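First, one chain by itself in structure tokens, the form predicted on its own.
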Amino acid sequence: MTNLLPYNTFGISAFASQFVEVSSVSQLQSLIKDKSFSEKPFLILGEGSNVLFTKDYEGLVLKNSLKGIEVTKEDENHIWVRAAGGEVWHNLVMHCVNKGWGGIENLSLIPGTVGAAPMQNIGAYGVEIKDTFEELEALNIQTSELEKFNNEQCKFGYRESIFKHDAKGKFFITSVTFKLNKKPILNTSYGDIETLLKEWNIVKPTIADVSKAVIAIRQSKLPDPTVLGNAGSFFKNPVIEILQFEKLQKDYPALKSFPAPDGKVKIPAAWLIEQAGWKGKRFGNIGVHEKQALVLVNYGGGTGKELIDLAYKIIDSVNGKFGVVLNPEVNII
């Protein structure tokens, strides 16, 4: 039995029957071909930054520890960068920013691994993985063969991909390739990026400036998981019909919206949770963060059961007040 407390950012104590750190594709292939592999359930884990363990895991946990970053090709305007699935996402972002390769700087400081990033199409400040994604390589668990997925095949959506649905639990993502810009086009219109750059008197910002601004904003709002257990945003921002939004805005003029696909709009879950009175509330060892209502926190000693119970209470409360259903962004195990 292995305690997974060091392997999840919520700092939840939960035990796995078996734990294997995967450091090479050949090691993983050998493991899969072993007859005993098919006899037990398995869970693929990256940095554990988007998972909540509510109980012990009666099976095998595979930790993605594949490493490596390399340039696969380039032309006058673009460069293709392939990173192994076990690389820390923020390390890849900083590597590319330092090289002057643009496209993922708005995704600075998002916790997790490269392999986990496309699984839920991570995004922040007007940018999503799908915007720079070229392809990924993944090991088919059934055949132990490597397969490639392009942008279309990944079926990216808002915090969605094929790996959360049809391909869930069927592939181990070994590497991801991104197409980045040598002549970056900055995206500073979301959040407080422009405001912060102006405060810093930066007239002609670089991708390094944008990255620095994003890091500063995230650090001002989100708790450091090494200090306070959390998994970042616990809930997705709900996407609703325009008509429903217009009705809500009549009663709540401060409610904002952002464009979403299919003529719908996205509204901020944090605002809904705060208006429902949950921001900063503490219940023993767990609670809702005082600066960001989207973040549930473990002050130490909290359990996954306590956190998921709190999440359901928040969901019921917001639905009762606004008629909007929140959905967890975090994977519940």
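Residue numbers here begin at 1 and follow the sequence given. Note that the structure is a prediction, hence the values are computed from the model and not measured.
The next section is about a form of this same protein that is not shown, the form predicted together with a small molecule.
Colleague: So, A293 and the small molecule: in the predicted complex, are they within 4.5 Å at any heavy atom pair?
Modeller: Yes, contact at 4.5 Å.
Colleague: Check whether Y158 has any heavy atom within 4.5 Å of a heavy atom of the small molecule in the predicted complex, and answer yes or no.
Modeller: Yes, contact at 4.5 Å.
Colleague: Is A231 close enough to the small molecule in the predicted complex to count, meaning some heavy atom within 4.5 Å?
Modeller: Contact with the small molecule, yes.
Colleague: Taking heavy atoms and a 4.5 Å cut-off, does K221 contact the small molecule in the predicted complex?
Modeller: K221: yes, in contact with the small molecule in the predicted complex.
Colleague: Of these, 181 to 189, 121 to 129, 201 to 209, 149 to 157, which stretch puts a heavy atom within 4.5 angstroms of the small molecule in the predicted complex?
Modeller: Every other range fails; the passing one is 121 to 129.
Colleague: Could you spot which one of K73, K99, K247, K256 gets a heavy atom to within 4.5 Å of the small molecule in the predicted complex?
Modeller: The residue from K73, K99, K247, K256 that makes the contact is K256.
Colleague: Quick check on this chain: which one of H90, H78, K236, R82 has a heavy atom within 4.5 Å of the small molecule in the predicted complex?
Modeller: Looking at the other structure, the residue within range turns out to be K236.
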